[in-house]
Structures are given as structure tokens and as C-alpha cells.
Ligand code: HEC
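For reference, the chain that follows is the form predicted alone, supplied as C-alpha cells.
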Amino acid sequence: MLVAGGLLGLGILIYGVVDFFFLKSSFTASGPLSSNHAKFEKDCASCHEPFGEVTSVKCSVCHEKTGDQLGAYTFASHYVYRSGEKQRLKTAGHDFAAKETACAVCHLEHQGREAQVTQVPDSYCTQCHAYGSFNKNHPQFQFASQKLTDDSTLAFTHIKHVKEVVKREKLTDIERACLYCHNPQPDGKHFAAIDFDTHCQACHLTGTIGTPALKIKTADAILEPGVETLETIRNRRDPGTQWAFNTNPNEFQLKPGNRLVKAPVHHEDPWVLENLRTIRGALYPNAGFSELLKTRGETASPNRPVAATGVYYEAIQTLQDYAAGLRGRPEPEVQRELVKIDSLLKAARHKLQRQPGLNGDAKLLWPPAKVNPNLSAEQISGLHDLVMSLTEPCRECHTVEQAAIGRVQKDQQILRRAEFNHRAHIVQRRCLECHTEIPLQAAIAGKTALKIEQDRAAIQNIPGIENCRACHNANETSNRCVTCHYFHPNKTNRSNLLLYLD
């Protein structure tokens, strides 16, 4: 018996060695892999350490593809993904490494070809997120619980515009009017950003709209309220004012009392923006880098991160325009400096391309420095009155504060922790069955007296969690965590997320 047992054990050992080194562990494998990993089924060493378990480092060899060790797939990036929370948690002493879990703990393999390794059970999520059921104790969406507004800085009323679109396009379906501006992207999840030329130009700032009669600034009254004429701006030849030589002088009409009218006013009219910049320079002489921007920004908060990439590009473009205005200068020292400037601006653009997820920087965002202490209260009041007159056509849609037009917030600042697919829902519900905060149908049908506070651009016309629970329950539609939430960042933006890691 001892000899037979020894021979049997020796045979099993020899087969195990042969299986491990020559047959790729086909005999000892725990079961077939999922279709995503099927090609590794005969090569255990692709995932397993010798005589050990699967390590996250092995996973990163294929999934990172950037030379980074577990960057976009770590807990640290999980906190960044769609929320911008990592810096706040890090400041509070949050230890990401202590919470790190190996990939194989959540993503179970050897369950068969049809197994979905990304379908992680809810129990794995609730180890950190202290709630157990979507239908019972999932927290209310943050925008609803904290009553966050959607401040796009635009003065916009939906019902007025829907009525106009229905009339112009001769529509019978109100929801078609919504789609006139809210254009779905091919992915079915998102909408294209609202664009003035595409959605607004047909009605706003047409060729007949101009400014009121504005007082002209005189040379001997630098701080007196008044606008600069096109001729004055041309004579200054300041960097960034090349547009003045391409502007039609017939758009300016002189009026009695040393006044002028600009008509028509164009969208992002350079003459209006240049005069606003001059007025801001008088009011806020120490505004710094914010003077490189056309519009007033906003500072970031933990709940409303500001994506500042576009702001930086705008600042770089302004500097490039300034440099372009110096290229005709004959001085050798100016040309040498321009070579350095071009090199720095090119490097800045390349850096932005590598870091597209930058948050706001106080150097470039508003508000500016304190008001010029050398101005009297009367002068400050006069300059603010001039700003209101100068921007009268702009204020039809835009807000104006601190002598600057508010930057339009085009990026969604809410529901950043989840994914929502409109295409998957439109089969079951129509748009206005869920988006009911603004009573469009009742107001247009004349069934309700609409109050002004019921139709403003800042209203979050998005349903709360109760609306979702009507369908997402155990009896009707999936309500698992992974139905709406993904632990890992969007793989198409993997390189963006790596920049947040230390």
C-alpha cells in the first residue's frame, strides 16, 4: 500500500509539474474564464503569481496601458471619477491605500464564458457605502437634497422659448421644441452644448439691435465714465486690438452731446468687450491674470467643481493675440522676446492637452482684486452705470457683474457620480413625463398661471430619486448599483484621470 500510494502520489506530482510548465495548467484550472479573458485560460501565469493568487499588478499590465502602476483603476481614482472629491478627502486625511482592494476580490473569474466580470454584486459596494437598497435607503440625489441650482449665468425662460420654437417651426409636439436646443449625442447619454450660432442667432442680436447712446470718453478725463471710439482704439494699437482694423466704421453713429451708438451689436462683439476690459481696468487695476478672459468666471466649491481647461485655453489665446499684434515691430529685442513667448505658449497648450481635467485656479477665475481706492463713490457709480448701458443688448440673455459678462456654464455640474442613458429610457417614458419641475405642458395649454420663479434657467428640471424608483425596483427593472454607477473611470478618458494621482 505504501509503495502503491507513493507511486500514485509521485504520478500526480509529475503530472502537476508537466501540467504547470508544459500544459499551461489546463488540468488544475478552476473553470473556464469569461470571454474577455479567454485567451489567458491556458496561461495561468498571466494573472496568477507562481503558486499564488491573482495580483492587481498583473491586471494593470493589460488594463493600464500607460506605464502607470494601477492609476485609473484604484480607489484614489474612484473618488475622482465624476465627483472631484479626491483633493477634499486627501486634505481631510483620507487614506486611500488603506481602503485599496485587489481587483480579483470584486471581479470573480472562472465562472464560465458568459459570465460578466464587471457585474459586481451590491454587497461589494455597500462595504463602503452605508446603504443596502436603492428602493429603501439610497440617499436622495445631491442636487435635490441640497436644493442646488443650475446657475448657467443665462437669463432664460423655457416656456417663452418653447412657444417661439413651436410657432416658428410649426410644431404640434412640444417635445420636438425641446429637441430644437437639446440635441442628443450619438452615445445616447449626453447632449451637445448649447451654441449661440446654432440655437440662438436666428432671434437674438439680429442686425437691428444696437446699444443706447453712450457718452464718449475724452482724453482729459481718463477716469470719467465714457466709451472709447473705434478710432481711439485703432490709434492706441494695443496688443489684441487688431480686430479694430477689420471692423466696419459704419456700425458707429455719432449722436448729439458727444455720444455714439453701436449698431448692430454682434455676439461677443469685440468693441463692447474691449470697452468692458478698459472699464474693468479702471475699477480693478490689480485684477491680474483674470484680465486675459473675456467673461467673468466663478470659483470652485466641493460640490460644484469648475472645469477650467477652457478658461486656460482662452487665456492662452488672448496672449497669442497680444503677441500677434507685436509681430510687425522692427526692434530685434521685441522679435527675440516673441520667439520666447511663442515657445512658452506652445508648451502651455501641450500641457493642457495632457491635463484636460484641470479644476479652477484662483489666478484665472473671478472675482478680481478690490475696487480701485483712488476712485470716488461717484466715479464708481458712474462706471457701473456705463457698464449697464454698454451691455444692454447683452443683458437680454447674460448676467453682468463687476463690469464683466458672466461666463456661460455649459458643463453639467450635477449627477456626476452616475451614468444615465436617455436612449434606454425614451422607449418607456417621454421627456416631459420625467422633466416636470417646469410645468411646460400645463403653462402652454393655459391650464396654470405660471409664476416667474417657476421658469428660470437656474431650475434643475430633473427628477428626484422617487421618479427613478417607480421603475427601478425588484419587480420591474434592475436597481443594482452597477446599473447606474461605475467604480472605474471612463476608459476613453483614462489618461485624464491619471493626472489626478500622486
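Given the structure is predicted, the values throughout are model-derived calculations rather than measurements. Residue indices: 1-based, along the sequence shown. Here, rigid core means the biggest group of C-alpha atoms that superpose within 1.5 Å across both forms.
Although not depicted, the form predicted in complex with ligand HEC is the subject of the following passage.
Against ligand HEC in the model of the complex, the set Glu109, His199 and Ile426 is in full contact: each member has a heavy atom within 4.5 Å.
Although the partner is absent here, Lys255 is not a contact residue: none of its heavy atoms lies within 4.5 angstroms of ligand HEC in the model of the complex.
Contact annotation for Trp243: none of its heavy atoms lies within 4.5 Å of ligand HEC in the model of the complex. Taking the partner from the other structure, ligand HEC in the model of the complex has a heavy atom within 4.5 Å of a heavy atom of His78. Ligand HEC in the model of the complex comes within 4.5 Å of a heavy atom belonging to Asp269. Among the residues Ile316, Ala213, Ala323, Leu415, the one placing a heavy atom within 4.5 Å of ligand HEC in the model of the complex is Leu415. Of the candidates Arg259, Arg234, Lys410, Lys346, Lys410 is the one whose heavy atoms come within 4.5 Å of ligand HEC in the model of the complex; the others do not.
From the list 330 to 338, 224 to 232, 243 to 251, 113 to 121, the contact stretch for ligand HEC in the model of the complex under a 4.5 Å heavy atom rule is 113 to 121. Shown in the overlay between the shown form and the other one, fitted on the rigid core, is a CA shift at Val54 of 2 Å or greater. Relative to the superposed core, Phe252 undergoes a Cα shift smaller than 2 Å between the shown form and the other one. Once both forms are fitted on their rigid core, the CA atom of Ala202 lies less than 2 Å apart between the shown form and the other one.
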